[in-house]
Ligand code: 1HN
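One chain comes next, on its own, written out as C-alpha cells in the form predicted on its own.
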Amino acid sequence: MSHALGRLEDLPQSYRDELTALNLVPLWPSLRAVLPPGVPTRKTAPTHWPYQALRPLLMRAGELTPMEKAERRVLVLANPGHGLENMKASPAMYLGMQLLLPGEWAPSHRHTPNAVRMVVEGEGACTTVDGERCPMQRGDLILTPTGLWHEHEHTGTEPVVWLDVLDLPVIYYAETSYAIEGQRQEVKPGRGDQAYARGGVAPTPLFVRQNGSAGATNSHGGYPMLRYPWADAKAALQAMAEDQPALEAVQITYVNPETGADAQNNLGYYALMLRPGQTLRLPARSPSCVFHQIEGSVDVAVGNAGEHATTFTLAEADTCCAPGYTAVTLTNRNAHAPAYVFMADESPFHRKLGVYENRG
C-alpha cells in the first residue's frame, strides 16, 4: 500500500458524470481513506466535560423547559470531532446529563438503543424498568436494556442528575432506532440487586409454585439484574485491593450475574479504583473509552508513546473520553485516599465485529 493511487480528478468529467448518473463511485481514489495503513482514521477527539461548568446550565434547563415539553431533560455531551450536531461521544457511544426535579415524572417509554444510568447526584428518585423499581443513589449503575419499558420518578426534595450512556450511534447508523410511548408502569415485587446481592451465589432458577408447577425466576428478557449499587461495587474494589496489594489494576466489570457476560449487548461498563497516589497506564486498545469520576480526582493523559498527550484533570462528577487505539494514563491526585472511576467502552461491540485489538 505504498504506491500512490489515481485521483478522482484524473478521470474525464464525462466519465465521472456517467458514473454519477448510474449511482456508481470509483473506489481507488478513496481507498486510502476507508482502509488507511496501520491505524484507523479516528474522528473521536479527547474531550473533557467538567461538571461544575455543566451543572448550572443543566439546572437552567430545568427552569426553562418543563418536563411535559422535554420528556427527557438532557444536555448531550457531544464530541467536537464528530460534529456537535451528531450527538456522539464516540463512534458507538452517546452521553447525556439528565436532570429530574422534585415531584417530576419522566413518562414511560421503550426504545431500541440500550441505555444505562450512572447516578451523579441527589436522592429520592427511582427508575422503574419492566416493572422493577430501582432506587437511584450516587454511583449506582442502572440498566434500561433494549425494548424494556422504563420511566423516572422523583419524590425527594433536591435535584437528581445522572449520566446516560447509550449505544444510540450504532443503532441509529443501522437504521433501527425508534421509541414507543407507554403508560405508567405497575411496580412488581422483587429486585435483581437483592436476588444477586452476593458474588458466587445466585437464585436457583427453578422453583415449585404453590400449585406444584415448575417455573423460572423473572429475568427481564435475559437481564436478571437491572441495578448495580455503588455500595456493593465499591466494597468489591476495596476488598480486592486489600486482598491483592500487588495488583496493579484494581478493576471490576459489570456483568450479567447469570451468564458472566457483559451487562449489555454492545457497550462494556467497569469501575476502577486507583490507590493513593497511583499512576496506571491503560494500554492502547481498539475501542474508545469514557471516564467518569465517582469519587476523588484523577489526572488523565491521552496519547501513545512519542505523541503529545492531551491532559485533563477530572474532579468529582467530571466526564471525559479518549479515542480508540490510544493509551491512557490515569494518576490519582490524592496521595492519601483512593480514587474511583466509572468507565464505559465499546469492547463488546468490537468483539462481535471481530475487530477488537489490544496493542499494549
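Note that residue numbering follows the sequence shown and begins at 1. This one's a predicted model, so the numbers in the text were calculated from it and none came from an experiment.
The following text describes the form predicted in complex with this ligand, which does not appear among the structures shown.
Participant: Pick from 188-196, 150-158, 262-270, 220-228: which stretch has a heavy atom within 4.5 Å of this ligand in the model of the complex?
Facilitator: Selected stretch: 150-158.
Participant: Does this ligand come within 4.5 Å of any heavy atom of residue 111 in the model of the complex?
Facilitator: Output for residue 111 is yes: heavy atoms within 4.5 Å of this ligand.
Participant: How about residue 72 - does it come within 4.5 Å of this ligand in the model of the complex, if we only consider non-hydrogen atoms?
Facilitator: It does: once this ligand is placed as it appears in the model of the complex, residue 72 has a heavy atom within 4.5 Å of it.
Participant: Residue 98: heavy atom within 4.5 Å of this ligand in the model of the complex?
Facilitator: Looking in the model of the complex, residue contacts with this ligand include residue 98, since a heavy atom lies within 4.5 Å.
Participant: Does the 4.5 Å heavy atom contact test between residue 134 and this ligand in the model of the complex come out positive?
Facilitator: The answer is no: residue 134 has no heavy atom within 4.5 Å of this ligand.
Participant: Only one of 130, 164, 140, 104 has a non-hydrogen atom within 4.5 angstroms of this ligand in the model of the complex; which is it?
Facilitator: The residue from 130, 164, 140, 104 that makes the contact is 164.
Participant: Identify which of 168, 250, 280, 284 has a heavy atom within 4.5 Å of this ligand in the model of the complex; exactly one of them does.
Facilitator: Filtering the options by heavy-atom distance leaves 168.
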